[in-house]
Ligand SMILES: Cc1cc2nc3c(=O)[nH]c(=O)nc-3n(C[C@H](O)[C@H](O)[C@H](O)COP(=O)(O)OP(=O)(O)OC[C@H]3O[C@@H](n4cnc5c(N)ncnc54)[C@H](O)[C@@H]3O)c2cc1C
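Only one chain is shown below, in structure tokens, and it's the form predicted on its own.
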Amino acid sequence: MGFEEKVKKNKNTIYVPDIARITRIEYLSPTEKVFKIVFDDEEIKNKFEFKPGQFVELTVFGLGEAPFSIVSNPTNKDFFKLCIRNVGNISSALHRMVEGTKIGIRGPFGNGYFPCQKMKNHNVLLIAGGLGIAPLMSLIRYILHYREDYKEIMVVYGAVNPGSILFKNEIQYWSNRGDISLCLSVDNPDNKWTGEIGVCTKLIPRVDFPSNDTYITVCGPPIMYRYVIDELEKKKFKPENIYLSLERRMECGVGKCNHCHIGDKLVCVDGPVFNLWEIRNLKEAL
């Protein structure tokens, strides 16, 4: 009995992946690619639903699995997308794959996600550093899909250099729309860069959204969080309206390995998205 037949026979547990196929690979930068994924089973494809901020466990057969945030619009039922950086055994194996390769998918997972319903009729500020833009993409795409349901939208995004800016085509599309504000900065500009220079936290003081009518999402490298929170607190934004993704800590996805334990929380089960009020006093959360 082949592996796929064994999977189908034993598919009665969250620990067994569903068979899927990589149908398209998009190059974003020297280290990142976007993988478009479609389930082999039509019934599984139709049942698969996720919320912005949730993640899946992707299996490379014969090697292992790793968690990745979903970057596509949750309203699209035909496929979903993952943005993956080439680092580690699983991700480097994925970067060597070609379109048509079969993989395994478990999920989606996560009981903490970006509250797109709560955000309706409010301003939304999205702050990302580096690869942190990826977990925010499904939320941005959802908000723009239902743009009339939200007030002002602003994306603050910082990257190491112009070449490491991800989703350039989409960012250009946002710039052309006229109904979403965009602030970009890089740490190390080249001679063609005409935008802001420095870390993205320096752009936060320019935000003039009212503190009592704004939801904020933050995702980026660990060192970024405290500086972003400091700037947001100076502007009196409510901690219960500041949502942070801690997805970097996850491993098994179902709360069994304890790898993502912080205080009384398990990031993969209780998160990966938390509001600041929930985690500000938990050791090692930020």
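Numbering starts at 1 and follows the sequence shown. All figures in this text were calculated on a predicted structure; none of them were measured in a lab.
Omitted here: the form predicted in complex with the ligand. The next part is about that form.
Checking Ser211, Ser175, Asn89, Thr75 for any heavy atom within 4.5 Å of the ligand in the predicted complex turns up a single hit: Asn89.
This chain appears without its partner; in the predicted complex, the one residue of Phe237, Tyr225, Phe55, Tyr243 with a heavy atom within 4.5 Å of the ligand is Phe55.
Partner contact region in the predicted complex: 126-134, out of 151-159, 192-200, 112-120, 126-134, criterion any non-hydrogen atom within 4.5 Å of the ligand.
By the criterion of a heavy atom within 4.5 Å, Glu233 is excluded from the residues contacting the ligand in the predicted complex.
Residue contact with the ligand in the predicted complex: Ser69 places a heavy atom within 4.5 Å of it. Although the partner is absent from this view, Val186 stays clear of the ligand in the predicted complex, with no non-hydrogen atom inside 4.5 angstroms. The ligand in the predicted complex comes within 4.5 Å of a heavy atom belonging to Met250. Residue Pro272 is the only one in 263-286 with at least one heavy atom within 4.5 Å of the ligand in the predicted complex.
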